[in-house]
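Form predicted on its own, single chain, as structure tokens, below.
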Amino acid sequence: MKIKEVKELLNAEILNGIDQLEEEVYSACGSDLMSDVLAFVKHQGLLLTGLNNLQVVRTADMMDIRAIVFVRGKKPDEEIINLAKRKDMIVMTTEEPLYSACGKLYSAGLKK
């Protein structure tokens, strides 16, 4: 699934990576616990989370996650966005709750 499709499905706002809308992601993970992301995630392209701090970007970087979607209307601050820019990561925000966002992406074909 292309990032532009994720953006459309979740009615998301792109905060970083507007030039990467054609990039593909093949799987996703939804979690507010970065320890779970570290323990269980393998080969994920997209992280959905309501956690709003620098650890999200650092964890995503360690796991080679290309894009982060902050759910529940969470807006990362400039420090988070700047770190994501340095790591060349796409950052989005959506009003969707985590459960609904994951369900919409799954129903549209983005699997585990």
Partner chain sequence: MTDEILSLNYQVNGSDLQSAGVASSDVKKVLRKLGVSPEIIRKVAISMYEAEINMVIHANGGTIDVSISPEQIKVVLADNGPGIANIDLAMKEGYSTAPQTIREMGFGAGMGLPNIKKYADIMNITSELGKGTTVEIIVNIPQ
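Numbering follows the first chain given and starts at 1. Everything numeric in this text was worked out from a predicted model, so none of it was measured.
Although not depicted, the form predicted in complex with its partner chain is the subject of the following passage.
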note = Exactly one of Met34, Ala67, Cys29, Ala84 comes within 4.5 Å of its partner chain in the predicted bound form through a heavy atom, and that residue is Met34
query = Do Val71 and its partner chain come within 4.5 Å of each other in the predicted bound form, heavy atoms counted?
reply = no
ask   = Is there any non-hydrogen atom of Glu78 lying within 4.5 Å of its partner chain in the predicted bound form?
value = no
request  = Considering only heavy atoms, tell me if Val41 and its partner chain come within 4.5 Å of each other in the predicted bound form.
outcome  = yes
ask   = Relative to its partner chain in the predicted bound form, which residues of 47-76 have a heavy atom no more than 4.5 Å away?
value = Leu51, Asn53, Leu54, Gln55, Arg58, Thr59, Asp61, Met62, Met63, Asp64
